[in-house]
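The form predicted alone is given below as one chain in structure tokens.
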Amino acid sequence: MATTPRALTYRGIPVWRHALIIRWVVQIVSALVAVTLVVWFFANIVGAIQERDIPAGFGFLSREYQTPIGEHFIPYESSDTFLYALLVAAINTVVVAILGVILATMLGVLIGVARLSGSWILSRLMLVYIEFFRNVPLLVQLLFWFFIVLTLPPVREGYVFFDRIYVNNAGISMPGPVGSSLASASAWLALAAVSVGLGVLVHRVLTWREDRTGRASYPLAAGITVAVACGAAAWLIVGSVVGEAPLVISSPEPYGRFGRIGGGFTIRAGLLILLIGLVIYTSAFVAEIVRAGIQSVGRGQTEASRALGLSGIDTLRHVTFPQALRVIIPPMISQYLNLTKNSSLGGAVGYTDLTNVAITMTQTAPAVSIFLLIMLAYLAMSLTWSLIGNLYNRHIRIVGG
């Protein structure tokens, strides 16, 4: 019987029968096929663009946009460039995504825990909430809230509460902090961030001590106390050095013949509607994820903790929830991705998100180039959420291992 040449074997096994070699060959061939298809696809697109003389390129980014953007969290003028306008729109989308994720997580966790409540009425009410908002399309919900807000009175006839809060179909205006000067506000915000870091450090140290010694150290209360105390001390220091408070409270007031609201902090109707729709819709999915995660923890864990004298809240905080997070986090990250991408529906309710601004730009700039940039922007946001999830999974694997 002929023997296989040594050059055609790996660890004594013929290469065409070795599982590891076969897997590598399949992966390499698949990668080559995928790259070839992608190159062929984009080559066809470039060819079609050239044949039909479709405008393309990115030279427009340095031109003046010359179009107002209603909602912007950084200074913006119509004379700014296309590139800066895209940055403004991207920040609008990021703000909605972050606020939506925080609010949807908080609401979803509450609903998910309430779904497991021993109260039959509360549990069924949460079930109705979850099933209703999960199964109604998000665009329909956004339009529903849009028309609800439209029924509010106009600016001049809006509701006024405590002479400080104005509610109308343009949004909600309320007192808000305003920097006395850029230098003092920036200095205090930097010191406040350091104070929060110190609070987190104290929380971790006391948590470690509590786990090691078994003595109650109240890490959450201590961490918050340290952060607040250091922030207050930083406020006094900056105020004494600069000679004025870093932030002052600005109250909204009507002005002009049309009764427009100036000053304070205003949540415009588009942002409000989009946040309400995204938070309510996403929280229904988050609630189901939380419920499934809690139920994945063995019942014996709960019974053992209750036998040791832990209350229901302490059991949930120290026993059930930490173990459930391993199951909760991966699908939760998927919901964060969905919320970020769903924010592209903001144009339907008048919010100037990234997609809405991009659609407007196509009237004076190449549509193909603009939407290529938009796709890359959403890809970057999605990869950021995925990175956060992967870092957390690695963290709990190290801690748990």
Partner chain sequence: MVAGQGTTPTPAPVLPPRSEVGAVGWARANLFSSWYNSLLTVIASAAVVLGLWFGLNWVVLDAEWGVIETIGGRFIIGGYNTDQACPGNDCFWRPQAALLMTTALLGMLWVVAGGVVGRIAMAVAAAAALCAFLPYSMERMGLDVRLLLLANLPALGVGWALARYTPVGKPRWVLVTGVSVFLLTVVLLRGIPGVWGLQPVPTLYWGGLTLNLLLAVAGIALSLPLGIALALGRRSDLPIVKLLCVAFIEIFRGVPLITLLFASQHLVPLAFPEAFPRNSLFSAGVVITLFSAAYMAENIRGGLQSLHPGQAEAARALGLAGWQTTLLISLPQAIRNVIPTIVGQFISLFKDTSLVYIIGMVDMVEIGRTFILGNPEYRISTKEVFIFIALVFWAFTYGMSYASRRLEQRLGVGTR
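In this text, all values refer to a predicted model and were calculated from it rather than measured experimentally. Only the largest set of C-alpha atoms that superpose within 1.5 Å between the two forms is called the rigid core. Numbering follows the first chain given and starts at 1.
Form predicted together with the partner chain: not shown, discussed below.
- The partner chain is not shown here, but in the model of the complex it comes within 4.5 Å of a heavy atom of Arg134.
- For Ser117, a non-hydrogen atom is located within 4.5 Å of the partner chain in the model of the complex, even though that partner is not displayed.
- At least one heavy atom of Ser382 is located within 4.5 Å of the partner chain in the model of the complex.
- Put simply, Trp235 is far from the partner chain in the model of the complex: not one heavy atom of it is within 4.5 Å.
- Among the residues Ala216, Ile121, Ile249, Ala183, the one placing a heavy atom within 4.5 Å of the partner chain in the model of the complex is Ile121.
- Phe144 is the sole member of Tyr84, Phe265, Phe321, Phe144 with a non-hydrogen atom within 4.5 Å of the partner chain in the model of the complex.
- Contact with the partner chain in the model of the complex, defined as a heavy atom within 4.5 Å, is made by all three of Ser30, Asn44 and Ile374.
- Of the candidate stretches 292-300, 188-196, 147-155, 218-226, only 147-155 has residues whose heavy atoms lie within 4.5 Å of the partner chain in the model of the complex.
- Along 65-98, no residue reaches a heavy atom to within 4.5 Å of the partner chain in the model of the complex.
- With the core superposed, Leu37 shows a C-alpha displacement of at least 2 Å between this form and the one not shown.
- For Ile388, the Cα coordinates differ by under 2 angstroms between this form and the one not shown after the core has been superposed.
- Once the cores line up, the CA of Gln27 ends up 2 angstroms or more apart between this form and the one not shown.
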